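You are given structure tokens for the same protein chain in two forms, set apart as structure 1 and structure 2.
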Structure 1
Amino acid sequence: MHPLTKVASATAFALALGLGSAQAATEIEMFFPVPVEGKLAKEMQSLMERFNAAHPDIKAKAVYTGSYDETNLKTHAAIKAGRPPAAVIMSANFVLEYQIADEIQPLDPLIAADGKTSDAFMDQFWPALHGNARFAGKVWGVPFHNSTPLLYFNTDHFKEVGLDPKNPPKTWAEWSDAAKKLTKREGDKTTRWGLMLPSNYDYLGWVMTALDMSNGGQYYNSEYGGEVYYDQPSMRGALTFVDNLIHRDKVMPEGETDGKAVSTAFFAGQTSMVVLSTGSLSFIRENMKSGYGVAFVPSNIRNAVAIGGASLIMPKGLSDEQRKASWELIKWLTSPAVSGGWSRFTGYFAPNKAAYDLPEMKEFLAKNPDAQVAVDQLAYARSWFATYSTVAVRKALEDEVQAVLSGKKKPLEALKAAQAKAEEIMAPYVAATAMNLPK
């Protein structure tokens, strides 16, 4: 035998052995990201051990795949390479793109096989989460952990300037008044800012969504991935509000501010109010030295914010056994007890409503009333921005908003440019869908 042939046959033999041994228990892999600070990766491994102990016929392995964006990248790569993971914890606003690219499977057949209707299945989860999980007539994702933006404020600073920490600002008018009172200056130097908003890519889009929705806006067409409403009055009002806080009232620093810089400044007492994710709740609870409180994001027209967080999805191209095993894992991870435990550990809220009926959750909320605010705000939450090419379309807005934050552009011209750029990016999708007309 030629040496190369020998090697090849040996490899084939080894591969056959490897595949053979997989027959015993169905082996599945799940990709998972760690989006926030903390020991989440370790906690996920212990969840997997519990799942495998309870399901001897399945051997599930959690593969840590970095941030949300990296997980998205690795999932696409794995699917392209023909070795899709059995399940992925995917940023909820990327699910639409997988559906558009026809890379994930609808979950309705699996739900039906359990003898449930899709309506009954989705009814387990908070209504605000439905939009990013069930669209185009089918269920594509199962909410795993979710968040909303929250207003965090320093109660010591509030007392110092005569504001009532029990009664945080509810409207934009009260909000900007509070920010003016809280800002401290020495000569022309600002030593304490009234308010800080995270404005790095990704976070900025989410914050602008919250402000736009609080101003009555829709931000995007939640029914069709080829439309955004960047140059509308609701968005113009929201961006002008921010522009005024920076350049007219000087209660917010100029330029872009990273989310990490925002939380650091909040801990250091350099800013009195910040808007950050509910996912940062545990992090702030552990690191904040002075007193703090949380509240809804203030409103101008109505209370409204967009959700964030992640859903479990199932790629196409799995065997029947893998699909069944993956479905077991997905159901287990989103069950009330597991969902509630993960929520208490991370600070995200539990998507499964029943999690909040469990005694350990009631006890936890009684001890941590700030977590209750996050849950209460859910009644006003809406779907997260998702379109064709979500990241690029979001960046189209973010680049222009950053120009306003730096004083390079005025809101109106910035938003017109953002809208034009977004439409240019979505043009191929629009041409193949809404503008694909009978010839």
Structure 2
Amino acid sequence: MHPLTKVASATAFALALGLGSAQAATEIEMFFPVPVEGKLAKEMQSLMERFNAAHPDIKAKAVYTGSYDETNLKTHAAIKAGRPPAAVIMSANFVLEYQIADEIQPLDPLIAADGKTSDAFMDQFWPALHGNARFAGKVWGVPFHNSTPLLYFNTDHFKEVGLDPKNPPKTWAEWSDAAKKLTKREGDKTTRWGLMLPSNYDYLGWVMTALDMSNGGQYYNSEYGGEVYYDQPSMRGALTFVDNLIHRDKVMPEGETDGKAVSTAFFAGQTSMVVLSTGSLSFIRENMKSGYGVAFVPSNIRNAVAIGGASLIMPKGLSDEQRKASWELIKWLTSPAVSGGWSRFTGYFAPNKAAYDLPEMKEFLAKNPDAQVAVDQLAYARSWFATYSTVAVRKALEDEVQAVLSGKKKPLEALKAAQAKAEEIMAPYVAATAMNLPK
């Protein structure tokens, strides 16, 4: 064979090898819930395209998995079936149950492989987020998009009844008084409610957490997955406050109202104040025709709310290649630039503190000061409710609270039933861990 022919053949062979290598990108899937309003799915698809373009050796795909609760069920099922996704944007309060079930892997070895300590890695994120991501001495999740509940109010309605939009209610007493002034009736028909709270599953537990905490209480034992405090005076006071708003003051509708119905009523001027996630902020900014304001959730004893939103977790059962690819995706999604961009698009606050040092974020906050409120409220935020069998334990409370909202039960009776049901659900975990407790 002619020498030039040999060279050409060798070159073609090398190119073929290179092409084969390029085609052998590690394919990974990420489960992605769409829990609040907004065009999140389309934006996430754009992020996946950007990531894949910057990482030609990885092909990441977002799989849309419904609500946070639905994503939780689908993730457990995929892991048990031996087909785990490489990453999951998981509701932050479910991370503990995956650690208890031994279904996710700690991220500390991957952090160490990057030459960082776990402390240094977690210091990138707001302190309020650490409790739902790092426990049992290890890092189990990386904060991706996070939220707190906020009070949204119609500034036009405030002016109409003589309330100052620049001085929204800060205490429960002021909140109740404002709701009475804002409520409008024609005979027996209420044409405008002073306040509406979302009371569907998941949202209701989160709102009751905020009210309980702002009444000085603790919703659960953040150090132990088998203990909740549903029947304590702080929760009783919170539920009595809500019960009075509905059945005594008649400034809030009776029964269950889901988050979408609450936001729809707000847009239509059928309610003057609502409590919704900061993750709804962009949706409200785009759709609210009247003037609106944003404020902390009013307090009774202290300012306090629970963190919401999601963290990125990595299930067990991945290959080494999938694990490495997943880690690259997780780091990229939680970087300051991407975290900041996602915050500006959605209304969630950026968990990575450095995002707020970027010029584009400073410019955005200058134009949209309503986005600063959730960041300011972080000083009073705490970990989100997380236990063994989180959903069932949370629903034990939500079922009973919904009975109060519908006028079927009074707060004390409902909370005692919720406590008993929660303890029944957590009993296997309590029994298992009690064997390790000192006698």
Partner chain sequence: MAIATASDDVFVEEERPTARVLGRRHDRLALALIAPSLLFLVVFTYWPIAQVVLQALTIETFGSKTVEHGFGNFARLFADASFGRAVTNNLIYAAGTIVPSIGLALALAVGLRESTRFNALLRTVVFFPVLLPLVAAASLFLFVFLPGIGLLDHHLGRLGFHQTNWLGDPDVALWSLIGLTVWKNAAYYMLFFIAGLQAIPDDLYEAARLEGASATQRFARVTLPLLGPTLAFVLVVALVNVVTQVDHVVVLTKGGPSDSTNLVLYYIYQQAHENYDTGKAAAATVASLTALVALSVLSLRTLERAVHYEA
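Between two forms, the rigid core is defined as the largest C-alpha subset superposing within 1.5 Å. For residue numbers, the reference is structure 1: its sequence is counted from 1. Being a predicted model, the structure only gives us computed values, none of them experimental.
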### Task
Please match the form predicted in complex with its partner chain to structure 1 or structure 2.
1
### Summary
Considering T387, A325, L281, I307, the entry that marks the hinge between rigid parts between structures 1 and 2 is I307
### Query
In whole degrees, what is the angle of rotation of the smaller rigid part relative to the larger one between structures 1 and 2?
9
#### Entry: A54: CA movement between structures 1 and 2 [superposed on rigid core, Å]
2.7
